[in-house]
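First, one chain by itself: the form predicted on its own, in structure tokens.
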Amino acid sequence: MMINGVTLDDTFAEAFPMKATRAIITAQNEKWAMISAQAMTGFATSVIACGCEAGIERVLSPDETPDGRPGVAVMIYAMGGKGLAKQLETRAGQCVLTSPTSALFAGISGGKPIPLGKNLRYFGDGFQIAKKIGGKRYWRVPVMDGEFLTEATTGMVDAVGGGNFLVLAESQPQALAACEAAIDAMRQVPNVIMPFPGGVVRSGSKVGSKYKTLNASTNDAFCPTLKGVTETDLSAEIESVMEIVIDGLTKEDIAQAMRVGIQAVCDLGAAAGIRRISAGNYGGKLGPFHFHLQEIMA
């Protein structure tokens, strides 16, 4: 398949089951809500080393938040419920409780309840106060700038992690420009995050390594500087490859994000140096969710 001069490989992205939750951070203005959200979702690009994958889903207007203040929705994904709960509570305690004027609320009402501020209340050293409003429990924790308001729990649901596509271009600036266009489009899709820096990863990996201590290593087949020394998947004119990884609440959410992202890349087209779109998979052995590029763009 070819779109606007860009070849779409006959391949698929392979994804796997995860657990996910959403939290809503509010503050006196969008600046401080975003600062807290960025801190909470830091060092969370990959479960391989970070313990979770997290990112900012979107900015919320005051009429979309529980307390009528500016807010930011963040999402956290992990391989299991226990790990997700630990990451959520640790990050909330270190990055939201500490952030000036912040409050923290559940972003998913269904699913299995997991602690949000349920245990953070103990920071109040006995001065914390419980409130129950509309069947939901909240905690008011005294802090030096006033008080920290937090909902006790949020919901954990089944999710999907590892959707992806690769952008193959004639130069590094062209690959990055295409990925930036894709990310701008994909951020309009609800229920997904792109957890790598700015949504883009330049160090795509393969399973395994010549070094026994590593379970993943550079994807040499897509490294332009290794064309002459490895079994390459790149033609002579391709000098840069970048990847976008997507986590979503459902496979449909990921498919929609991939669709709009790939379309944004193809809209730039061959005239902008974009030659191919491909995807990362492990022959179907990694996960049960397969996102076939040509089917998504059909």
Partner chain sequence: MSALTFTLKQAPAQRVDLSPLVCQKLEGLSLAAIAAIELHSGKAVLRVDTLFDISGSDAQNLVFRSHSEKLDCIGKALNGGSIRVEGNAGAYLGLQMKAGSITVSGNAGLYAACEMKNGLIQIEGNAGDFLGGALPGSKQGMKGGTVVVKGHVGDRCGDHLRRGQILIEGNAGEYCGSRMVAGTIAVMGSVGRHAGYAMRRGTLLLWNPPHLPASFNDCGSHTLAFLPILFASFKGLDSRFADSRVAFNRVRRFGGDMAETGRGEVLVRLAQPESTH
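Nothing here was measured: the structure is a model prediction, and the numbers come from that model. Positions refer to the first chain, counted from 1.
Unshown form predicted together with the partner chain; subsequent notes refer to it.
Visitor: Pick from 222 to 230, 110 to 118, 147 to 155, 195 to 203: which stretch has non-hydrogen atoms within 4.5 Å of the partner chain in the model of the complex?
Guide: This holds for exactly one stretch, 147 to 155.
Visitor: So the partner chain isn't shown here. In the model of the complex, which residue out of Gly51, Gly273, Pro70, Pro66 has a non-hydrogen atom within 4.5 Å of it?
Guide: Among Gly51, Gly273, Pro70, Pro66, a heavy atom within 4.5 Å of the partner chain in the model of the complex occurs only for Pro66.
Visitor: Taking the partner chain in the model of the complex, would Gly284, Phe289 and Met297 all count as contacting it (heavy atom within 4.5 Å)?
Guide: Zero of three within 4.5 Å in the model of the complex.
Visitor: Does the partner chain get within 4.5 angstroms of any non-hydrogen atom of Lys132 in the model of the complex?
Guide: Answer yes; at least one heavy atom of Lys132 falls within 4.5 Å of the partner chain in the model of the complex.
Visitor: Residue-level contact is defined here as any heavy atom of the residue lying within 4.5 Å of the partner chain in the model of the complex; does Arg140 satisfy this criterion?
Guide: Yes, contact at 4.5 Å.
Visitor: Contact with the partner chain in the model of the complex for Phe127, defined as at least one heavy atom pair within 4.5 Å: yes or no?
Guide: Taking the distances in the model of the complex, the answer for Phe127 is yes, it comes within 4.5 Å of the partner chain.
Visitor: I'd like to know if Tyr77 sits close to the partner chain in the model of the complex, meaning any non-hydrogen atom pair within 4.5 angstroms.
Guide: No.
Visitor: Heavy atoms within 4.5 Å of the partner chain in the model of the complex is the criterion; list the residues of 79 to 112 that meet it.
Guide: The one in contact is Phe105.
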